[in-house]
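Just one chain follows, in the form predicted alone, and it is written as structure tokens.
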Amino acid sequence: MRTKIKFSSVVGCLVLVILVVPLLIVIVTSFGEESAISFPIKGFTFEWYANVFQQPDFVEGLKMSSIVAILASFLALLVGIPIVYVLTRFDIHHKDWFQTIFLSPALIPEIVIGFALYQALVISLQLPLFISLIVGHFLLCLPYVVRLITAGMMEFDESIEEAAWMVGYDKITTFFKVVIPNIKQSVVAAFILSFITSFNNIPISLFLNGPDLNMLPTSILNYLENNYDPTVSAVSVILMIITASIMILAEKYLGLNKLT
């Protein structure tokens, strides 16, 4: 038993090192004075962080990534919560098929989804890029919403819902006043995971962006085509800070640490 515990601890430490060391290197290189990314660094400066906000593509990309992530996450919740409620509360033929369909975007490579949507929505239907981008990120977020809301619904005691019916609530009122409050943590967790997934996505955004519609990750790739200075490290650190801040605030103020 002790040997197994030691082996697991060693593997865990190795995985942690593999994950953390590259991130630490990115953080360190973002403060280097040299005009090209290098490690170890020579000198110390905040110049590259200032340069991030002097790049219009980065600033606009940050705004667009935030807008798309928020809209796609909300849309995934608006669609996903009723779907999960129906699948978990009603006897539906071929229920497994429906579950597979709604989870299928997670099984398909994102680059394939992006290319397929570009061909179908932009080329064939000639929809605006922004709408196509929202659709693509909605499909990206939906599986996460379905999984987390399903977990919340499975833990929710049906007898509470039935008690609400007995005291005179109709099903719609019960859904909004009883069910949703009782799965609030799952809803918040689904939104946060969807937001982070959408915000950091590259493959779908690559196909559905344009000259006036760039997401932050694609703006970074475009910048890298002609530049390899520590600005890239700085903007990567900013992305990490945004993601970590969302998770920390959610855990502290929304009780996600209690989500099981």
Partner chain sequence: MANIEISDLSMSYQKGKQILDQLSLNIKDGELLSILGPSGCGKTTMLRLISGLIPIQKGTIKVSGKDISKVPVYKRNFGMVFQSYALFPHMTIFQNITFGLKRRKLDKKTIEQKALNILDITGLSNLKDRMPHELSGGQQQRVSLARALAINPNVLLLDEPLSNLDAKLRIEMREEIHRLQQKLDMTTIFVTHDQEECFAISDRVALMNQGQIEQLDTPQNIYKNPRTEFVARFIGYENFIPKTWAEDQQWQFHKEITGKLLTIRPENIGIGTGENTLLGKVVSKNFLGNYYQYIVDTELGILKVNTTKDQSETNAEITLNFPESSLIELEDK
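This is a predicted model, so every value here is computed, not measured. Positions refer to the first chain, counted from 1.
Beyond what is shown, the protein has a form predicted in complex with the partner chain; the following relates to that form.
Contact with the partner chain, judged by heavy atoms within 4.5 Å in the predicted complex, is confined among 96 to 104, 67 to 75, 110 to 118, 155 to 163 to 155 to 163. Residue in contact with the partner chain in the predicted complex (any heavy atom within 4.5 Å), chosen from I81, L127, L139, V178: V178.
Contact check for I123: no non-hydrogen atom falls within 4.5 Å of the partner chain in the predicted complex.
Contacts to the partner chain in the predicted complex (heavy atom within 4.5 Å) from stretch 167 to 197: V167, G168, Y169, D170, T173, K177, V178, P181, N182.
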